[in-house]
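Single chain ahead, by itself, as C-alpha cells, in the form predicted on its own.
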C-alpha cells in the first residue's frame, strides 16, 4: 500500500509523524511525502522504515493518484482545491483529512474510533473513501464523556471552552510568545525595583497591550497575552461562530444522528473562547441527564469508556495538579474532573475536561484511521 502525506511539516502533521514513528507505523506501507512549496527537495527527516526520498508536488494530481491513500494535514484550502480534481480524474483511493472541508459531506465519515469504531467499520464495508477528523473540541469532549452519550443518558450539553493558541497553528503560538515578551519588557524595571505600585504596573501593561502594531496582532487581530477572545472562527451570522456550530453538528454526526433532525439529535451548545495558553483545550460542561443516576455510576461509565481517560477526584489538590494544560500537554491523557451534581437539580451534572488538541483533537484519530485502512 502506498500512502501519500501532505502537510506533514505543520503542527498537526509534525505531531502525527512523531506518533507514527513512536508506534512504528511506517513498517506497514510505502510512504510518499508531498510538498506544496518545495517539490524536488530531499525529504529531510530520518524515519525508520522510510527510504531517502524526494518530495513530490502536492498539486500534481497524476502523482497523487498513484497513492492508495492520501493523508493530509494541509488545511481546508488545499482540500477544496485538490480533492475534487482527484476524484474527477477517477482516483478511487482513500482520503484521510484533518481539515473541516469534507466533514459534513454525506460521503465522508468522521473518525474517532474509541467512540465510533463500529461506524468506521460499517463505512469501510459500504465503500466509503473519505475519512475526516472532527473538530478538536468535539473529539476531546467525546473522548471524555462519550460513554454517557452512548448509554443514552444525555438530554443536552452546554460546553464553555478554553482553547489554546496552538489551535490556530504555529504562527499563533509565536504571536502569543512575542506579546508575552513585550509585555514583560514594558514593566521589567518596575518588577526589579518595585518602585511603582501594582496599579501603576497594571496601567503600563494595559498601555503595552493597546499599542501593539497590526503586525504584532496579525493572527488574532487583538492581543491574546493577558487577554482572552470569546470568538473563534468565522461568523455564521446568527449569533454563533463556526467553531460553536461544529459542536452540535459534528457530535451528532459521530453519534450517527442528523444534526438537523430536532426530534432525534442531541442539543449540544458551545461557547468557544481563545485563551493565552500554549497547548491543550479545556471545557467546562453542564450536562442535563435524562434520569437521576449516582455520581459513582457516572464515574464508572466515564472511566471504563477508554484507557486514556484520567478521572480526577473533585478536590482542590487533585484538580490544580491533574486537570490543567501542563498536566496533559504532549500526552494522550484526557483529564475529566470537577464531577458534581449541580444546584439546578439532581439530574444536572457539572464537569471539567481537558485534552491535548494536537493529539486526540487532531493527529491521533487520523493515525488510527490509517491503521484501520491498512
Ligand code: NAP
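Model, not experiment: these values are computed from the prediction. Numbering follows the first chain given and starts at 1.
Missing here is the form predicted together with the ligand; even so, the following discussion is about that form.
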{"item": "Listed residue that, although the ligand is not shown, lies within 4.5 Å of it in the predicted bound form (heavy atoms), from 76, 208, 227, 284", "value": "76"}
{"item": "The ligand: the contacting residue among 37, 315, 41, 346 in the predicted bound form [heavy atom, 4.5 Å]", "value": "37"}
{"item": "Residue stretch of 291-299, 164-172, 261-269, 150-158 approaching the ligand in the predicted bound form, non-hydrogen atom distance within 4.5 Å", "value": "164-172"}
{"item": "Partner contact for residue 136 in the predicted bound form: the ligand, 4.5 angstroms, heavy atom", "value": "yes"}
{"item": "The ligand contact in the predicted bound form: residue 10, any heavy atom under 4.5 Å", "value": "yes"}
{"item": "The ligand contact at residue 361 in the predicted bound form, heavy atom, 4.5 Å", "value": "yes"}
{"item": "4.5 angstroms heavy atom contact with the ligand in the predicted bound form for residue 82", "value": "no"}
{"item": "Residues in 83-117 with any heavy atom within 4.5 Å of the ligand in the predicted bound form", "value": "98, 99, 103"}
